[in-house]
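Same chain, two forms, each on its own as structure tokens: structure 1, then structure 2.
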Structure 1
Amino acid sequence: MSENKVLFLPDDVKVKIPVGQTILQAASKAGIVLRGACGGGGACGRCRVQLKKGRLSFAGTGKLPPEESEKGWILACQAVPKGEVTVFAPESSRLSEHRVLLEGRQAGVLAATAEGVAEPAPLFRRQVVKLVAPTLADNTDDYGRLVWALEHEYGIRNVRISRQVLAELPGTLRESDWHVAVELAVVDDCLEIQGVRPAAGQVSVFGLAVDIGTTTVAVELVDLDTGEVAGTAGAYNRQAAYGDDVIARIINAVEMPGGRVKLQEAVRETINGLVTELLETRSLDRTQVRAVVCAGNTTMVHLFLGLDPTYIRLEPYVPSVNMPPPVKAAELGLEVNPEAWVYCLPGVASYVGGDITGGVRVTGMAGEKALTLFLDIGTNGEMVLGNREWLMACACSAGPAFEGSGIACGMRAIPGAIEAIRVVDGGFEVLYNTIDNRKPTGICGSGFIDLLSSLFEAGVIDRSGRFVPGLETPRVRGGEEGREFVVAWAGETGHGADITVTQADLQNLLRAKAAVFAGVRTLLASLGLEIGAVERVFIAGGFGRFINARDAITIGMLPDVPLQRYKYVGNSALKAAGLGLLSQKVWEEIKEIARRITNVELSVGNKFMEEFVSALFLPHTDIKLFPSTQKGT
């Protein structure tokens, strides 16, 4: 197969790619994740690199000013090398280190203890048995003797064995003097005997809990013998180069040549990179990883497994599968033991996936009396309402605003992002904090919630989210796209330019917050309930972890219930994957939760749109829904 070579500067990394592939695909292979929100269509203009040497062909010019093209700047997604080329990839075009929520569990922590898994039964485990040697009076076959020992000592009845393991069984039993460790993996409704080895000299075995997020991927390495966390790691999902949200990635997978394969490769490379990092740090061999449990939304699971996601986005929104069967790691190309089973947490519908069913299990709401609302807010806002009697779920498209996309100075939660903001009355002064206390370079989602709330309370914007006329502060000024507010002056920032929020940005943020609250209201209305009936609110996810609930109530994104009813549960998807890995009982509980949840399709009827339009004000057109925001309360 003919190949082209691409050298990336300043990394000095060279990769080979097949003829016809783009610079964007070469960057992914080199471990350089370039920014992108359009799925490789050239519309967003974020994957800018500069050609230093060589020749290219172009699928299109994309969104790039002529003066930049004259200086050698190109869009990586549109550029195809012709021979050997050298390109410079600037920091501004890269997805740099992201704040990946890993739960903060350090090595040595018992992963399951806090969740009440008193007696773990991992999806892969070893049981040591001492068999009675056969005699002329007892000449039971070797496999029957093994099965009897498992049932007699551990109550294990429903097992199966492969031909290969069975072929090696007679020799192993006799060489080990009938004292063996039996390797068992949960598959469907039985236990698969994956190996029978001498009981002496066993090495430790591990499992992986994986959260396949749209933006980031987090991996937890767990010792299956002790239940302890051996390490955690996280990184951007390399699929981000093909679009910011699930819809962009579905379109890319379905409409671009080889798109589904490319997206599967991208997430596989992300996971394999994290696994390699964890294993090399601890001097472990990949064959020691014997089980993998993944949590993700429905689209992420489809793309990871290489399934057709076409009909997820087309009415009536039907996924290929909600409860994927386990798959051998070798089939997926994961760099662990090739015989390891890979399990994906079950979902409910096209936009309510295993990350949500797992989150419900982590909160415990499915087994308790209190009426509970579970929220996972990101590009999509997924929510579950219910208790031990019933569970209902829905998903709404909040858009990428809270992920830093579609906003002039928006950015993801990386070092230098403004994450907390306070505006002094009248808008004369702004106080802010940045991630890692670096000079500000933009504003991330939690910062935008603070900003919207603070601008409103400071009298800079009105209830419709528009700038109040006649303000004397120099921070409100005319810009290229209308009026804007200066959050940080050029002299304060890390890139020497003002950080602003425009009128168009404010409207985007209003639409995002309105979608979330409209989803909550629609879910409640479908059951004839009011907001006050909600006794607890759990907020999950990386973005949710940093939301200021008070400010989110002020802008009308979250229900106005007492703050003590709110609780952050962090990366509940990763937690759930870890619990399922360590407990067959928890795994069955999550499957049962998925069966119990009733999905409410918000596109049916007019209720959601009515609620959405009503929520396009601060905090809402019906101020009685937010009594705590009224003056004097």
Structure 2
Amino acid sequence: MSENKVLFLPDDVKVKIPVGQTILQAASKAGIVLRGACGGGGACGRCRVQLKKGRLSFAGTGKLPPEESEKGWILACQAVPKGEVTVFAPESSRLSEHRVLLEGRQAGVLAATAEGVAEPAPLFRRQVVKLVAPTLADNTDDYGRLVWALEHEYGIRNVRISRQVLAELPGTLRESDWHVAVELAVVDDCLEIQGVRPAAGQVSVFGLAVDIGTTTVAVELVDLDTGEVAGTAGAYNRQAAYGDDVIARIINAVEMPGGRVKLQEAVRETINGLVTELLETRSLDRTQVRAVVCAGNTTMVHLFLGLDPTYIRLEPYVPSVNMPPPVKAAELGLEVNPEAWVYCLPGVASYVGGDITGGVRVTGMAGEKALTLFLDIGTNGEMVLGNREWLMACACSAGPAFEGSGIACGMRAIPGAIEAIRVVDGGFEVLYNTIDNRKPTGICGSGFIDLLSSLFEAGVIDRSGRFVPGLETPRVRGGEEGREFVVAWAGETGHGADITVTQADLQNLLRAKAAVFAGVRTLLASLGLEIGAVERVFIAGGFGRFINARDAITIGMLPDVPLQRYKYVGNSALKAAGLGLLSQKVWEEIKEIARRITNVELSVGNKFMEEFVSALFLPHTDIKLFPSTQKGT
């Protein structure tokens, strides 16, 4: 399929789109949400952009004054690129300013930090060796000959082999004329020879990177020979039936008869479902999947491995293990090659798990001088502050709201999710954009951040997140669960029902954002630092394709530092698992990071609770902490 390329200024983001798609669609793909009240029909004239370079064809002229078209202004919804074009998208045409795009693992901000993959050495790899056939004069044993060849050709030492593989070795070596591919898996400090096969006629091998989130699970299928991502899939964690947060899961695992087995089964089946989907659509066999790297919080890893999570929940909050050993896939019931090793990223403490350690590696902060804050906002909000000198971490419970759970109209960031929202003054009109421009079926995390911010700015809710009484808009109405706000009317939506948020939903979101900010403040305070000291902020989490940093500051969720200090890294846990899978060096670095991070326990003292209540306000009880939100008010 041929493609066109569109470069957006001033963002400097380039995207590829299939021939025939419009600039508006390209903008959406680039995470730049243009205004489009008419839905791309050319009628509203709001999606104006300026052509800087390249040629276009037009589906229609749309509503644009002639003097503007002479200056190169076009309506993005009507313009189809021919080849490569450059356009300028002004602030006035955007639904919301400044967002950071996430597009796969190659997202610009991370390209520089993924250097570990420059010398790919996956946790499972194949090395082809040509052995010298034995003679009467050179009568070294077969295994010794193989070990020598590995060391001689690849510098590989410290190998081990099982009896089964050894039993077939002499035959294989001779049948393949001493030219073989050796299958090697990293296990602790040595390489395990998992098989020896004729060098000719090898099938491709794959690895899995798995992010086991409390709310969602994401799986990436990686080609271990090329390092390319063959596919990704995501789903809600089936453990959701046993509670929304890790505490509820632990209670169920411990107190429900057979609980631990049931929860392990639930997450295993979630992963197996995704793996089967990925393999079937590509006509691959499960035996081709030879290594699995999982990133998850400490509780998720415990439940996945079937370990006892009891003491994670009880003071002094000690997990069974922070650095779990690799386990064979067969033992865990994963539907991949039964001999494949399953590795879990090492964690730091009960509430700072391997997903965070991995995230720190992805940002590169552990090797740099700048004081960096890394925030992973999921069901738990975990954060790490530090640089190459030191790293401190803490965790707070944010609830699943920003992952699209725990709220009636919440959904994951999948097609049809409202990802950007603007509410017009007084709440009479709502503009929104959905992922893939489908009819909306719910709201994802980035949409909720926008919603809270714009409901406040439009005067629909007050600083305490409560609906302002006496509004005349029909969008605020009494519902079954108290007052609610209609984001999208039934006629506009993909499922034919109104999309609404209730007073309780808003309080839920307020609590989630308050927990995140209170965690940041408490962590900074434990080191005697102010917000301004933070030179860079990396945001990770399942909000959606991007996060609107400006709105997140407006609601007081993220610290008020200049927007250019923010970078969105999306699902950093999944990325870390992928990097670790492809590079033994990265894997070792992640382990080192886990050893370096110091955990701060927020439940000690009452600082966190006080910060939390203080943050239960838009943007914050102490307005001085958010100077940029006061402009123009």
Partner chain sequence: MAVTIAKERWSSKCLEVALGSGPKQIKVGGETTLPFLHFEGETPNAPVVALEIFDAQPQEWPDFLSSVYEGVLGDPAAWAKKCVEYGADLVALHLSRTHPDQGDASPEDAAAVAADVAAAIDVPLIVLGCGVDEKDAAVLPEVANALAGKNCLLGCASQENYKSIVAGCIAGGHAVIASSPLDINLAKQLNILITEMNLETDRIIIDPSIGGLGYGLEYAYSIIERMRTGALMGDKMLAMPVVLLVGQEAWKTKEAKTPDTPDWGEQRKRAILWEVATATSLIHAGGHIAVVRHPESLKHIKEHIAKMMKPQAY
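Just so we're clear, the structure is a prediction, and the values are computed from it rather than from any experiment. For numbering, take structure 1's sequence and count from 1. If you superpose the two forms and keep the largest set of C-alpha atoms that fall within 1.5 Å, you have the rigid core.
One of the two isolated chains is the form predicted on its own, namely structure 1. With the core held fixed, the Cα of E192 is displaced between structure 1 and structure 2 by less than 2 Å. Core-aligned CA deviation for P134 between structure 1 and structure 2: less than 2 Å. After superposition on the rigid core, displacement of the C-alpha of R388 between structure 1 and structure 2 stays below 2 Å. The shift recorded for the CA atom of Q50 between structure 1 and structure 2 is 56.1 Å, with superposition on the rigid core. Its Cα shifted by 3.8 Å between structure 1 and structure 2, S453 is reported here after superposition on the rigid core.
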